[in-house]
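Before any questions on how it binds or moves, here is one chain, the form predicted alone, in structure tokens.
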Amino acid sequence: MALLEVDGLTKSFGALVALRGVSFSLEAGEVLGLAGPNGSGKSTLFNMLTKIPTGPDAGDVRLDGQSLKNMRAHQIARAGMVRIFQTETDFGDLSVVENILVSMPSDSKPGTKAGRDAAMALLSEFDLDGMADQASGQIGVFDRKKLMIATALARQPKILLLDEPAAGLSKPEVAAMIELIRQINAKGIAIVVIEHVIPLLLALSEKLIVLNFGEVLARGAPRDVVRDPAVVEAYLGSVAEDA
């Protein structure tokens, strides 16, 4: 049984069908890439998986065999699936370590010395421990992206959903982000990553899905998918020839 099973997810906003019958599965420890043009339904898919802000009109999502239909967003996070967004969602007025502490589950006792020690250990993995007491709104873009991921990992997820983690980063920072995601995956955490930076998807993904107009256009081995003529026409253009 797959860790995550997505079956026929559909979502409409009035006359606009944002997702139509999207299905896929994710194995434990797997990295799945998700690509597609702007407006193809990628972030909407993450919204449907996490119910932030709302769930699908039809279809089902199962995590460890359990349907998420009757779960709310916080219950889904508690069950083991968490996400980061395209833009920074940290608490800018809180310090870097305080962002971790407020994200930790209550059974981690974030208000204790042991909780702070655990938060500092997590920050150390992201090379953020040296700025632990700085306001998170004052640190750089790349460090804020790392902090967002660290706050998600503070929830101890089984599945991490990353929405354009390389957006706005320089080439060296993209390379560093690739290595960071590899380190996270090496811990056994399954990852679904939305990205327009195709080299990142090729470097990380075991499988790649391309959405177009809310439907699955192609799926399979990443280097095969990016050379699919339908994908090239819909989205990738000459990028596929350089992959």
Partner chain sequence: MTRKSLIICVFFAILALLPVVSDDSYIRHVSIVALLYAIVVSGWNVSLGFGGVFNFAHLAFFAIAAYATGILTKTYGFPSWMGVPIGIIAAVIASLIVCLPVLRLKGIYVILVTFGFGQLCLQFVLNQRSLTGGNFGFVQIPPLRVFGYSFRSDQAMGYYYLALVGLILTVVLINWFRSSPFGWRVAALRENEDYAVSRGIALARVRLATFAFSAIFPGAAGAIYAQYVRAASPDMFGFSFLTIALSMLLLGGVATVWGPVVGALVFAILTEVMTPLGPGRYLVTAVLIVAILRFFPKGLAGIPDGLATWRARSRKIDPAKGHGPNV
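Positions refer to the first chain, counted from 1. Treat the numbers as computed from the prediction; the structure is a model and nothing was measured.
This protein has a second form, the form predicted together with its partner chain, left out of what is shown; the following refers to that one.
K.L.:
Taking 4.5 Å between heavy atoms as the contact cutoff, choose which of 128, 159, 152, 166 touches its partner chain in the predicted complex.
P.N.:
Looking at the other structure, the residue within range turns out to be 152.
K.L.:
Between 175, 216, 52, 203, only one gets a heavy atom within 4.5 angstroms of its partner chain in the predicted complex; which residue is that?
P.N.:
The residue from 175, 216, 52, 203 that makes the contact is 52.
K.L.:
Against its partner chain in the predicted complex, would residue 98 count as a contact residue? Criterion: heavy atoms within 4.5 Å.
P.N.:
Close contact exists here: in the predicted complex, residue 98 approaches its partner chain to within 4.5 Å, heavy atoms only.
K.L.:
Please determine whether residue 92 contacts its partner chain in the predicted complex, using a 4.5 Å cut-off between heavy atoms.
P.N.:
Answer yes; at least one heavy atom of residue 92 falls within 4.5 Å of its partner chain in the predicted complex.
K.L.:
Heavy atom to heavy atom, is residue 111 within 4.5 Å of its partner chain in the predicted complex?
P.N.:
Result yes; residue 111 sits at the interface with its partner chain in the predicted complex.
K.L.:
Indicate whether residue 138 is a 4.5 Å heavy atom neighbour of its partner chain in the predicted complex.
P.N.:
Contact with its partner chain, yes.
K.L.:
For the three residues 16, 22 and 42, which mark the spot I'm curious about, does each lie within 4.5 Å of its partner chain in the predicted complex through at least one heavy atom?
P.N.:
Not a single listed residue reaches its partner chain in the predicted complex, so no.
K.L.:
Using a 4.5 Å cut-off on any heavy atom, which residues of 70-84 would contact its partner chain in the predicted complex?
P.N.:
If the 4.5 Å heavy-atom criterion is applied to its partner chain in the predicted complex, 70-84 yields 72, 73, 74, 77, 78, 82, 83, 84.
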